[in-house]
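In what follows, one protein chain appears twice in different forms, each by itself as structure tokens: structure 1 and structure 2.
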Structure 1
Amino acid sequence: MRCEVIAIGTELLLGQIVDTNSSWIGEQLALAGIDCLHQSKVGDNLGRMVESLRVALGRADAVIVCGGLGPTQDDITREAIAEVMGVDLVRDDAIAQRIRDRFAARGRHMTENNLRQADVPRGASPIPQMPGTAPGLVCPVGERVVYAVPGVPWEMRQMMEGTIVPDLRRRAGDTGIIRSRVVRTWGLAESALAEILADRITALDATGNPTIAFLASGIEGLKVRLTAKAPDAATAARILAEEEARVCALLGEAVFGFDDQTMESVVLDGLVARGLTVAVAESVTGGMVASRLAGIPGASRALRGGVVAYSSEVKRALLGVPEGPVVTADCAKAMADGVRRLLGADVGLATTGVAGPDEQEGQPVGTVWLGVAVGDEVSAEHQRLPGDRERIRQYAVISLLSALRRVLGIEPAG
């Protein structure tokens, strides 16, 4: 089964909106074992949309068209698909009523142009999932099929998961189960991960099941995705569990979590499990560490609070930092211990460093010191972080949380 993705919208070509939908759709197709060989973008022009659809249908079994299903004059995906199918558009009264009901439920006036969304190419079927006012469509074109979905990501994703991926797998004659598990890592470059796992990947290449893939996630680290195909869910789960154990044994403490876990959620769970509270003193990160921790539901179980000590005077007055340079190990340790005592926490964390050229104090940009105080045990870790100001600060956040994870010996759970 070969599939293509066409993203619709002049705004995509102008760079006004980044096309994240196509990449997400491509990932879902790969997880379902569907080959996605081409992806393209086309503006809101009927002739070019029709041409793109015909080219795609000439080399693929299925095409997913994303966008252009709204109520405005430039939403012409329906018209383009109808022309390719060689049919006219017909008003679907059931969809029209759903649109009216949706507006009525919100207490909003509905303009008549909204009913354009109920116009369906003759012979096409609406996708049952309709979280917004724009219905998705399943449109047969001979032995091939075109799926049309809205450009709104959360609407598109429900339709992909609820209808399109199952339908593609049915058309492909695939009745097996595909499951994935993501192993989340921090501290190793992609090249280092690849080298560590090289022999295992080579061995799996010979069998084709399960598979290992790397997913770079920027400031969130690197993900190692394990995918298994099996006749039933229990067998797939067993295959994934066995492979996960092998990968974790090879990668060691670089593994901090699984699937949707984040560094802050893992650290917070580890603190709660140990009955520990934490306080944060931040200079270079300006409150970002405390914000990440506070963003986790139930953070109050462990998070006492934080101090943004950006100026040297605040560091000394509130946290007891001694006179002298502040981008140092001694400063980071004094900040961590000071905030722990100030806020009555079991654990103190601190960041100090240089994120831009106007803050250097004789230190290279990217120089960061991370302080961790657990009781009377206080340590500092030096990092040279890459990127611009924002990336340096973001890297410092996750690096500090990872340092605490190692100090406390927090193991990934899940």
Structure 2
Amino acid sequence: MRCEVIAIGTELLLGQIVDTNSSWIGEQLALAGIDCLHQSKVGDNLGRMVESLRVALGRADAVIVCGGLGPTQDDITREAIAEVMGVDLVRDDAIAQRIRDRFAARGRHMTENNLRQADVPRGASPIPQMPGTAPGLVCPVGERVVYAVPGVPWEMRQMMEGTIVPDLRRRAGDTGIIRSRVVRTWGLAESALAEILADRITALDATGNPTIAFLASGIEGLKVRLTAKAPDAATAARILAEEEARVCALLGEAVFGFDDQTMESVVLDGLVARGLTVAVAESVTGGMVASRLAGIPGASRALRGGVVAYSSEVKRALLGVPEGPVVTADCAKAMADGVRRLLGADVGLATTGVAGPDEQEGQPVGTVWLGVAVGDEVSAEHQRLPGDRERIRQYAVISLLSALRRVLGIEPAG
């Protein structure tokens, strides 16, 4: 069973809106075991919409068209589908009444053009879920099918979950299950990761199940995605568990978590489990470390707070950093030790470095020192980070949290 996605809207092509709908739809299809091999965007142009629909129907069993169902003149998805079906548009009185009721319920005046939304290709059936005024449509094209859904995300999602995914699964017959597991890592370059896993990937290529893919995600680290197909959920889970064990054994301490676990959530849970509080002293990251930790609901269980010591005077006055250069191991250590004393925390973290654009103290852009103070152990780690100012700051954040993870011996918890 193959299903393509076509997102409709000139504003998508002009980059005025990012197409997040197709990504969400693709995720739902994968979880339902439906292959989605192509996704495309096309503007509000009848000819090109018809052409895109025909190309998609030539490759796939089903097509989900997202957008262009509104009441305005440039909402012509209904017309495009009718042309592909070779039928005309007919007014659906039931839908028209629902639209009138919807406006009445909101006490809003309904203009006549809103009833354009009740014109459907002959032979198409409306999708029962209709949270807005734009009806979704199920449009048979021979043995194949086109689903039309509005571009409004929460309206589209209800129709996907309520009608389209179940209908696709029924058409697919007893389809297999696809399950994914993301092994999250930090500390290995993507190329090093690839080399470590190369033999295993080659071995898997024979069966194609499970599969392994990488995804570099900046401050989210480097993700290794394991995907398994199976006749049932239990078998898929077993295949994933076995592959996960293999991959984790190969990658060792680079693995910090799984799926939606972030480095900051893993570190925060590790601190809470040990009954430790943390304080952060930030120069080059300027508050980003504390902000990431504070982003987690319940961060107050471990996060006391921090000091953004951007100017050298603040480093010295508040954190007791000695005179002299500040892009150094000693400065990082003094900051980490100083902030935990100042804020009365068990653990102190610190960043100092050069985010650019200019070098500092003769140190090149990307030079970062990360300080960690736990008990009597106050250490500093040197990093040379790539990228622009923002990227260097983000890499510094995850590198610092990863350093604390290693010092405390926080194991990834599935």
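Remember, it's a predicted structure, so these values are computed and weren't measured experimentally. We call the rigid core the largest set of C-alpha positions that still match within 1.5 Å between the two forms. Please note that residue numbering is based on structure 1, beginning with 1 at the start of its sequence.
Of the two forms shown, structure 1 is the one predicted on its own, while structure 2 is not.
Put the two forms on the same core and the Cα of Arg184 is off by less than 2 Å between structure 1 and structure 2.
Ala249 shows a C-alpha shift below 2 Å between structure 1 and structure 2 [criterion: core-superposed Cα displacement of 2 Å]. For Gly348, the Cα coordinates differ by under 2 angstroms between structure 1 and structure 2 after the core has been superposed. Note on Asp75: its Cα is shifted 3.3 Å between structure 1 and structure 2, core used for superposition. Here the rigid core is superposed, and Asp93 then shows its C-alpha moved by 5.0 angstrom between structure 1 and structure 2.
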